[in-house]
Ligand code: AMP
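Given as structure tokens, the chain that follows is alone and in the form predicted alone.
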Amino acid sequence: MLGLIMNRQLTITSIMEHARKFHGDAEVVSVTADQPLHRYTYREAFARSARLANALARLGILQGERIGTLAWNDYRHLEVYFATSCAGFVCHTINPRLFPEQIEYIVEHAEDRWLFVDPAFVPLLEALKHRLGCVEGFVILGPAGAAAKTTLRNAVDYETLIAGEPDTFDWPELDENSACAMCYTSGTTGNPKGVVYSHRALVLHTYACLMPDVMSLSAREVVMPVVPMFHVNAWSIPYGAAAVGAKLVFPGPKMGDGETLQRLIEGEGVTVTAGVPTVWLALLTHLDRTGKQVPSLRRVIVGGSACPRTIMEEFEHEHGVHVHHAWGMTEMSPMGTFNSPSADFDTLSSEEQWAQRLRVGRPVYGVEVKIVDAAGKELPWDGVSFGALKVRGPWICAEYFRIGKGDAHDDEGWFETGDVATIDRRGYVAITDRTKDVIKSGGEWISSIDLENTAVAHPAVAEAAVIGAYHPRWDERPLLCVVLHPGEQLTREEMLAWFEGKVAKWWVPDDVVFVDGLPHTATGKLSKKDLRERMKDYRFP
């Protein structure tokens, strides 16, 4: 027996149409290279998306073909998001911080027909133009005349492309399982791999993100996604904000600038924002230096890497802002877990509360998780047992574009994330390491992330990374690499003494190396692979 319910397709088009009808007057505010502050409404945004869809149809783009973007968070990029997906094309966001060789590989592998490019990234593509044979033309995301000086072939500026086009479009009836967006992994080992998102997956993911114990967005919120739109759909914030009618504030090329972020938060009344920890360190440094405030801000969502407790405490104690951990992956669209308080949170001691808050949260509805040992046996949720973290769900990658399942997918539909984790009895997940970064000393695992978080809690430490270095007796022992704040001084002995009473004695690193800087990936995460290469000749005293 089947249910007697209408079978309406879950598509990004339905989000756009709902926002246009019911939230058309909500604002979208952007910083762009050509305008210090652009302001318009969702209604105007979607009218311009229709004009772009008409222009793309005129260029002969067919359903399922890829349109690439290398762009900041701003209103033009938002228009491309909706125009491409809703017209039946695939919006392929590309991380411009990747190595040029990786960008070349990604564009060619995806077979992008046109690339939409922020003016800041034009020189990057000019150096690659002769190797991007699949690309028919380039759209410069700027005003009329923006394409005049580029040597990119068949280049046109965005405003000229859509000028004169109708502001309505006959949006096709799409199958919810058809592709609508695409993003490649950062490719720390081997070539980047393409993840293709369906309309259904992203609509379900958007629903999940909007839930009260997740992002809890509403028409009363003002949301500023600092997480890039070129990285996993900006964590679904462009879709979620449109679905509920939240005001959107885009920082454009200034997403890492503390002064701009503070000005936008105060000037636009931002209540919720999301991004990686390095962004919030820049904002807090600016606030501390200038005495400026963020009076409207209530919540900060942190993902990408673990947020140090010091950042969370400074936001809370100095500015009344609550920091939420979240965790996910490109392969997960990306939301996997979100840290909201448990039902018994208020009955816990202060340290128990912090122990919970420093975890990446519980799986959101729709995501199943488990941890397994080296033999594949499922481990208990006791907060102590370490295991490889596996996930499955309706917005998790089933296979990679033109590659297939790969080694990370098993026959039961589980995807191995590459993370090592513990799960406590309430279901809160703690990521302790990447599988390839785990330190195994004398047969026992040591969490490099816990050691790093302890190190950066020292007031003199700006950034820290822990890797396993060869030890003749224990096979591996932790080596701590530290970047100090400007003007600060710290000895090896003082740094190691800081760990006393904070971690197990046998976890304490065997040595400290002070460095001027640490390597990072294109998405801002510490690159342990590059750090291990840099320290390959190191030997413990």
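Quantities reported herein were computed from a predicted structural model and do not represent experimental measurements. Note that residue numbering follows the sequence shown and begins at 1.
The discussion below concerns the form predicted in complex with adenosine monophosphate (AMP), not included here.
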| property | result |
| --- | --- |
| Of 360, 162, 209, 86, the one that lies within 4.5 Å of adenosine monophosphate (AMP) in the predicted complex (heavy atoms) | 360 |
| Proximity to adenosine monophosphate (AMP) in the predicted complex, single hit among 409, 113, 370, 434 (heavy atom within 4.5 Å) | 434 |
| Contact segment among 96-104, 411-419, 73-81, 310-318, judged by heavy atoms lying within 4.5 Å of adenosine monophosphate (AMP) in the predicted complex | 411-419 |
| Partner contact for residue 278 in the predicted complex: adenosine monophosphate (AMP), 4.5 angstroms, heavy atom | no |
| Partner proximity in the predicted complex: residue 178 to adenosine monophosphate (AMP), non-hydrogen atom cutoff 4.5 Å | no |
| Close approach of residue 23 to adenosine monophosphate (AMP) in the predicted complex, 4.5 Å, heavy atom | no |
| Distance check, residue 305 to adenosine monophosphate (AMP) in the predicted complex, heavy atom within 4.5 Å | yes |
| Residues in 297-336 close to adenosine monophosphate (AMP) in the predicted complex, defined by a heavy atom within 4.5 Å, in order | 303, 304, 305, 306, 325, 326, 327, 328, 329, 330, 331 |
